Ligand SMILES: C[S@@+](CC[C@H](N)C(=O)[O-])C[C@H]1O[C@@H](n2cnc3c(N)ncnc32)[C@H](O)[C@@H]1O
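We begin with a single chain expressed as structure tokens, specifically the form predicted on its own.
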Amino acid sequence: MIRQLLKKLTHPFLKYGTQKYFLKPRAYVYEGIEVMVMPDVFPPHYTLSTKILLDYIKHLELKDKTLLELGCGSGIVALYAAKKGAQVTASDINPSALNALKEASLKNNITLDIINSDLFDVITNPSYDYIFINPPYYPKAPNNIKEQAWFCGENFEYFDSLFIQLAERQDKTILMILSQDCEIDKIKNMALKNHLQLDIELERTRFAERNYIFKIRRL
């Protein structure tokens, strides 16, 4: 209750401050890898999900594993996985994000495949060893490409499409991070309709916000 009240009180100030701050490209660095986050790309700076995924990947043995970051945004997760030896594909619907990622891959001397794709629409590989997903989950129709990083549609259309496509694939390990702020039970039920189950792989609480990495498995 206290956390919700504080969030309600501070949100207008945070929104104004972050919008103003991210009107120009901002650098983000993890383990010596630097990316420039464009104004219309999901910023990992003040959100917890990206850092939690990066810390999780740190302990994985990824050498020669195939890995897809679906909806890569800044691409820092994809770059870090590639630095650890994975054969990485990074996909996103936002050309601005992908152009910045291409520049970051050159600057950091890290090789990976970069694909402009809405979910799996133009991804031809039928199976990866790992898929990482940091999805939009607020129920609102996005008005532009920037908002697609935050809003999943009024009726969670993003998850409808995601689970339908995942159910047809043969990937080994699919991991998705969600915050307690989203409607987790609704998302779980949507997965079940496609014979998929979300099991908690990791739970982290930071600054009074609980995040979960779920492993998506077939029933």
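The structure presented is a predicted model; accordingly, all values stated were derived computationally and were not measured. Throughout, we count residues from 1 along the sequence that is shown.
As for the form predicted together with the named molecule, it is not shown, yet the points below apply to it.
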Is the gap between residue 158 and the named molecule in the predicted complex 4.5 Å or less for some heavy atom pair?
yes
Could you confirm whether residue 148 comes within 4.5 Å of the named molecule in the predicted complex, counting heavy atoms only?
yes
Does any heavy atom of residue 93 come within 4.5 Å of a heavy atom of the named molecule in the predicted complex?
yes
I'd like to know whether residue 42 contacts the named molecule in the predicted complex, with contact meaning heavy atoms within 4.5 angstroms.
yes
I need to confirm a contact call. Of 129, 103, 113, 118, which residue comes within 4.5 Å of the named molecule in the predicted complex, counting heavy atoms only?
118
